[in-house]
Structure formats: C-alpha cells, structure tokens
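Only one chain comes next, encoded as structure tokens, the form predicted on its own.
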C-alpha cells in the first residue's frame, strides 16, 4: 500500500488525477478502522491532513463555506450558533479524541448511511464542493451526493474540498438513538431545520435506508400545518402525522443494532419531539444553539 501525502491542494488534485485508486484520508476515523480490521485494502492512501487550505471556514455569498478538513471539535466551538443542528450532531461523534481528528468532509467521503453529520446537512440544504484537476469545481447538493451504501456522486479523480451551508435562519435539532450515549454507531438518527423566511421545514434521516435521505412528504405536510404568521402552538395531531410521514420515508433493514420496525418507530418519535422543540424555540424567538445538547441523544 502506497502512502501519499501532498502539501498543497493543487498537489492533492494532481495526485488524485494520477492515482484515482488512492483513498483520501482526513481524520482517518473511518478508514483506519476498516484497514485495521482488514475490511478494506486500498492500493494507496492519500493523506490530506497536511493540506492547510482544507482546514479553514469563512462566510461567502451569505453562506458558510467549511473546509473538508475542519474537525468536529471546531465545528462545535466555532460554528455552534450558525449551524446548531450540525454542531449537535458533532457532539455525538465518538470521543473527544475522535472529534479532534474526525471531519465532516471525511464523513461525507465515507458516505455511511449512519454518518452523524449527514442528517443535519440534508435538513439545512448543504452543498458539497468537489474538485478535480481536469474539470475544476463542481457543486453537488447533498441530497444528490449519496448514491448507495458508502457510494457517492464523486468521480474517481474528484476530491471533496468543502461544504456550503446557510447559517440557521430558524431552530435546528438533531436526535440519535444508540445502544449507549457515546462512542456508538446510530441505530437511527433524525435532524430537523425550520426555515421561517421560506415557510418550510427541512429533514434528514440517518441509518434508516441505503443512503441518508430526506422525508419530502413530511416536509410538505408540516410546512402547511405550521402557523408561520401567528406562531401559534403546534397541534398534537400535526406533530404525530409528521412523525408518521417521516417513518414512511424510511426503508430500514434488520441488523445487529436494531430491527426495521424499531427504527421506524424511533424515527416517528424523534421527528415528533425534535419538531416540537424546534417550533417551541421559534415561538419563543430563539434559533436554538449548541447549548441545547441534552436533547440530541436517547
């Protein structure tokens, strides 16, 4: 196995063009586990941790452009108020050591259906910035990025450079079910984001289908049920129906972590609860924050 370590982004693109079989590594928190357990044996590793251009974030065109090398720990401390749903999800990733190394860029590249960062990116309409030496930059909506179990829309010579997301315009929440409260793969997870100016709701489901996905029918239903002008209370019937539609959007399997029926039931409950928390925050005039973390795990 070859180990390739470019110093600049342009060097990384050149190496990937020459060696499309090279597997990119950011924090290595997924890749190294697979290698250690002999589940994967790539021809080469492309270590991107030394590429400084990937380690920054900045505002651009009213959105946030977050480099693929920004670790979860920095997302929590530096972007907790701007991207509260993603910050909440980041708090559930592994241990402090893993959060210091792991990145959303690496999470996207691994494309696990259970990736914790994926549901809030879906709910917040994030866009993945990919680049190749031959064709330049390509912007891929995250809803189109996942094409199968651990498969993405990336071409063999493309690398993830960043993701783009608008700062939260309304409350956001992330919820996760696991066999314990920390250092565990999600049995299932759910994210919700209110977009009051557009009078719509975004959703994201994790570990509930071959790919992370949204629940379009649930989004359309609840957008028409919410009292955006008067900020009246959320009816119990509307919240329950929202949860049912989220569960219907899932196509989970039975595995060692849980049954498909359990996952659907859990998604229904998480959707109802997170929507209620988010709507109550909206009624109170709050966008929510990373400080609301007591609610993200069950």
Partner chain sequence: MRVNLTVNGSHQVVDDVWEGESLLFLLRERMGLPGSKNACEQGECGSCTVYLDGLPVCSCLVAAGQAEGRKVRTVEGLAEGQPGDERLDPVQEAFLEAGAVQCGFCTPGLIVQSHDLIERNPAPTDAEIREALAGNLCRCTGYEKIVDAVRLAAERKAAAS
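Numbering follows the first chain given and starts at 1. Being a predicted model, the structure only gives us computed values, none of them experimental.
A second form of this protein, the form predicted in complex with its partner chain, is not displayed here; the remarks below concern that form.
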Seminar exercise, completed: Students should find that, of 60, 33, 253, 53, the residue having a non-hydrogen atom no more than 4.5 angstroms from its partner chain in the model of the complex is 33
For this session: Could you tell me which one of 245, 70, 45, 234 places a heavy atom within 4.5 Å of its partner chain in the model of the complex?
Result: 45
Exercise. Hey, in the model of the complex, is residue 114 touching its partner chain, heavy atoms inside 4.5 Å?
Worked result: no
Exercise. Might residue 180 be said to contact its partner chain in the model of the complex, defining contact as any heavy atom within 4.5 Å?
Worked result: yes
Exercise. Taking 4.5 angstroms as the cut-off for heavy atoms, does residue 99 touch its partner chain in the model of the complex?
Worked result: yes
Exercise. Does residue 147 make contact with its partner chain in the model of the complex, using a 4.5 Å heavy atom cut-off?
Worked result: no
Exercise. Heavy atoms within 4.5 Å of its partner chain in the model of the complex: which of the stretches 88-96, 161-169, 221-229, 131-139 has them?
Worked result: 88-96
Exercise. Does anything in 74-89 come within 4.5 Å of its partner chain in the model of the complex by heavy atoms, and if so which residues, in order?
Worked result: none
